[in-house]
Ligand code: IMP
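First, one chain by itself in structure tokens, the form predicted alone.
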Amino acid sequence: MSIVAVVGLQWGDEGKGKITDVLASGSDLVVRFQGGANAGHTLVVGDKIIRSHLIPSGILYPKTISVIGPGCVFDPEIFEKELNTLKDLKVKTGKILISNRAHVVFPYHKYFDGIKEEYLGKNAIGTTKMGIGPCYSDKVNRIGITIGDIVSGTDLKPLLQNSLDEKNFMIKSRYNKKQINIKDMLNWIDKYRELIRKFTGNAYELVNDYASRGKKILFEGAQGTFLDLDWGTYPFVTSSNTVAGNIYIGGGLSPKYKVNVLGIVKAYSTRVGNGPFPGELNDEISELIRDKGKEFGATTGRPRRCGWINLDLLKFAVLMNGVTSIALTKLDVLSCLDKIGVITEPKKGINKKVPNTFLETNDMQIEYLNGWDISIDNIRTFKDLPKNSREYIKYIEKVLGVPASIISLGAQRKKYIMRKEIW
């Protein structure tokens, strides 16, 4: 299979960055197909920790082209910062292509995001305040500004005015905050225009050309299935479709091409921000998992909420994404626990047929499997894993009905077991 999609099957933070990095070494093209700088991929290469929020993980490989697809929202400030960080690390940054159809995150999107969350108070969604939602809202409302608008020489003043009239009215009448100055926004984009122009192109032509020639293409998702705008824990979701079906629209791939979908599953569950989280733990076990797993947001630094793996929700995610195999990450974090909880299904009487119904309850059935009392992060073959960790993996595979092709045992690039080649 020459086309692979990496998607998160939980609430994001499953370890997609590392798995994408592992697979990107053999890729010709890595395409980010949704989201913006609200997602963070943490890569550990040797003694260096690299956090990428916008540029695809393939950037670390000199022969791989990294594409920011039309389904993404593009933040020029973050892009420039990431470029400078990569240059400081002696990483070549020439092979980046930004789709001319991607929409641009302006400072007013971040400003509006922040004051809206402040206004909502205890009812806030818990966004990263990176302007992602307001930017996607402008796209849907047909008042957004694209990369193509910026680099083509289009007069941006009437486009900006159209967008700002509505926002300034809301900012003044509802939020009683300082309004946005259009001149400041025009000066802001002038600062980044030439930088953006150097990397802009027609992404769908490149993607489909590579697909037609059987080149290896890796589609890189952000966030996770239960943050999907249509299929997640609405309204506590992100502002784009995170599921694998969006690679055709957000990545610009023709539907005639078949895709191998690798679902990324953390060996337990975490969530950042507000919203339902079935099976959440609030005890010493959750603190242990959070500390050992370094469960703090790569973008915001916020502590993640922790709980046991939820196989009932994962069955839904496997189906919705058309998953062909999974990568099980952070299994090493569970080492030294006597018992490991596994959420199997809601208790009797809960309507499972409507996803939002069972997502909104904590009344879950939990089974406990035996843990293992040794470190496993330096193991490189499945047969060398402790018996109880192998049984844990086999239990997950049986319930989900798909094999675990990759077992990740630490943050470092080489700490994983490859049970089956993905390509």
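Worth saying up front: this structure is predicted, and the values here are computed from it rather than measured. Start at 1 with the first residue shown and count on from there.
One more form of this protein, predicted in complex with inosinic acid, exists but is not displayed; see below.
- Although the partner is absent from the chain shown here, none of 325, 390 and 405 has a heavy atom within 4.5 Å of inosinic acid in the model of the complex.
- For inosinic acid in the model of the complex, the listed stretch (281 to 289, 251 to 259, 130 to 138, 157 to 165) containing residues with heavy atoms inside 4.5 Å is 130 to 138.
- Within 4.5 Å of some heavy atom of inosinic acid in the model of the complex lies at least one heavy atom of residue 238.
- Within 4.5 Å of any heavy atom of inosinic acid in the model of the complex lies no heavy atom of residue 54.
- The closest heavy atom approach of residue 125 to inosinic acid in the model of the complex falls within 4.5 Å.
- Interface residue remark: residue 12 is counted as part of the site for inosinic acid in the model of the complex, having a heavy atom within 4.5 Å.
- With the partner omitted here, the residue from 244, 272, 313, 104 that has a non-hydrogen atom within 4.5 angstroms of inosinic acid in the model of the complex is 272.
- 39 is the sole member of 39, 68, 59, 29 with a non-hydrogen atom within 4.5 Å of inosinic acid in the model of the complex.
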